[in-house]
Structure formats: C-alpha cells, structure tokens
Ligand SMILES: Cc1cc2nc3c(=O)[nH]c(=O)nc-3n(C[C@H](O)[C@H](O)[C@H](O)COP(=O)(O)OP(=O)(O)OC[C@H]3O[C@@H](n4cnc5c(N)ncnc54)[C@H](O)[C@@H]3O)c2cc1C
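Here's a solo chain for you in structure tokens, the form predicted on its own.
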C-alpha cells in the first residue's frame, strides 16, 4: 500500500488540499514539445519562473512529476517570511561578498511583498493576509537576536520594529514570550491555493504545464536541452531545475547538496469566536526563536495551524497530536486542549550552511537548493530572477549569488542522522 503522503498520483491529504481552490486542468506530456524555456517542477520557484518568463514573451513548458504544488509548496505552514531562517543580513553579506550580498539581501527583504503583489495582481484565491510576521523571543536573552535583526534589516529599509513584552502579549494573545520583533511585509496564505493560483496565472500568460510527467533525464540535443519523460520530451534553449527537496539526480550533484528534512503540520478544529479573537487577534503569522520551533497562525476558517518536529517518525500521528496539543494549551491557556482535524507532513530542503545555493549549472541552465524553511517568499523571488536570466539578462546583473554545486559529504548518513538534531535544538532552547 502506497504512503499517502508520498504517492505522486494523488495530492497528500492536508488542510490545504481540503480548502484550496481547484487546480487548473492539466494533462501528462505526450510526444514532443518545443519551447524557449523548460522548467522542471511546479512548486513556487518553478511556477514563478514560468509566470514571469511567459509574461516576458518566452514560450514555456513546465514538467511536474506529480500535481501542481504536490511537494513542499503545497504542504508548508503558509507563513510568508522575508528573511532567512538563520543568517541575518550582515552574515549573508560576509558569506557571499558585498557585490552580490547586498542585492541578495534586498531581494529577500522584498520577497514577501512580491508574493502578496502577485496574489493581488492575478486575483489568486489564497486566503492572503498581509498583517505582518512576528518572531517572539522565547527567552529574555534571545531579545539580543531581535535587536540585531531589527537593526540590520531596518538599516536596509525593511519595515521592521522591535516589540516589547506588553506589545508582544497583545499581538500573540499570551504572556508566553518576552518580546521580539515584527516585519510588517510578511503574513500568511493558503500555500496550495497560492501554488495553484500561480499555475493558473502562468497558463493564462501562455505557459504550458504538464503534470504526472516526471523528468527522467536531461541531455544535450544540438543547440537545445532535451528533457525526457515517460510520455515524451521537451526541447528548449533554456532550462530551470526547480525540484528542490523532492528532486532526483537530474543534474550531477544538485539534489545531493540538500538534506530533505521532514516537517510536520497540523490544524485544529475551528475554534470559537471568543477564543479566535483572543489568539493572534491582529492576524499575524508567528514563529519564535526556538530551534525546535513554535509556530502558529490561523486559517480563514478559525483553525489554528501549527506543527512540530520529531526525532523518530514512526507513529507520528498520535505522538504529534499529544505533544502539540500540550504545547498549544501551555502557550495559549484560553485554547484548552485542542483537537486536531488534520495532521500531515512534507520535506523542506536544508543546506549545511543554511544559505541558499544558487547555480548556473551550464550556459542557460539554472537551479537552486536550500529554502531552509523560508521557501514561500524566497522561492517566488528566485523564480522571478531565473525568468529574467532566461529572457536574456546577464547573471552578473541579477541579485543572485552564484556558487558551484557542493554535494553534502556522506549525504546518506547525514540524512539519517538529521532528525536527531531536534534533540540538540531542544537542549539548546533551554539555555542562553
């Protein structure tokens, strides 16, 4: 019996699969297709690339192994966050150099705004709420992180502010945290609704999307790239590989430089009006400073959407229900012990240095790995830049720091032991 979370023939069950608008109709590729650009992967980066490239006048074909938004793009928490998960602006610039570092920081700074602009421009039905993203400090000592982030992002023009304990209690609806910081450009969406809306917009702009069409190989065919699937092939001058944590080894080393880490998501039954008005009453998305992250947001139907991490995945459903119910009740006493209507999981792509790795793999071939839990906004922005590259903008003029492909040493072993990092994070979260 196939694992329902990993069966490419069907969308995995989740809150988002139950509530997102229907996907635009698609079919598998049959025969030969010819295009200026072939995109492999119908997640955020692939769909953003396809939409922006089609709007620029390129003919575009997208190949998706399963369904639109089947991977992380349709399974995440739906928080739209214009930062990286670990590295702050000064560290990003130090890592990649000022020439590309500052433009890349600006790209990240504006990435959430891009998501909401696209939603408004194309009328995407994604339960979009741009009331800001807040990161509270779970220990008083972690306010130093908040202060540093406000200083670094604020000096670069981001709409950020430091939040004291009283204001954080009002934003969150609980005294659990010590203060923190807020970025007003962030927010929350139905992530699968957003992916499907991007796909519909790309199709409307002229792109062709073929689902149930896994790319099996990439070869050179004269002056073009040939991407083969079970039902046919695509010939294209330019190529974007946007499979991320769900990718096979289509390009030497690319999928091997990212570690897929399982992320568990959950949604409660709809809460009562009074409780709903008392938790995150201003509509913010929230994720705190813990390594074993606490994160919360509401959907459009008053469901509290949260989740957690486990070291051992066996029997995850019952264990998560108990663990996260206790956590949510502790953080939000007015919630009581919540009941969960949905529990699901997917994979996020983690790099060892927690910095996105962006590549020009060959002339006209682009790919990247390492969303590190920030994929909604970051992937959308990188996809737009890949479209500009495919349309002829030289890479040196784009705000993308390029790096060579660097496979993770002993990746198989690293993937097996990665879940055990949760234990370290839990230990570290109790210390200053």
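Numbering follows the first chain given and starts at 1. The model shown is predicted, which means the values in this text are computed figures rather than measured ones.
The next section is about a form of this same protein that is not shown, the form predicted in complex with the ligand.
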{"property": "The ligand contact in the predicted bound form: residue 75, any heavy atom under 4.5 Å", "result": "yes"}
{"property": "Contact of residue 81 with the ligand in the predicted bound form (heavy atom, 4.5 Å)", "result": "yes"}
{"property": "Proximity of residue 90 to the ligand in the predicted bound form, heavy atoms at 4.5 Å", "result": "no"}
{"property": "Residue 215, heavy atom within 4.5 angstroms of the ligand in the predicted bound form", "result": "yes"}
{"property": "Contact residue in the predicted bound form, from 196, 284, 244, 238 (heavy atom within 4.5 Å of the ligand)", "result": "244"}
{"property": "One residue of 108, 258, 348, 137 in contact with the ligand, assessed in the predicted bound form (non-hydrogen atom, 4.5 angstroms)", "result": "348"}
{"property": "Per-stretch contact check against the ligand in the predicted bound form, the hit in 52-60, 37-45, 23-31, 390-398 (non-hydrogen atom, 4.5 angstroms)", "result": "37-45"}
{"property": "Interface residues of 360-374 toward the ligand, as seen in the predicted bound form [heavy atoms, 4.5 Å]", "result": "368, 371, 373, 374"}
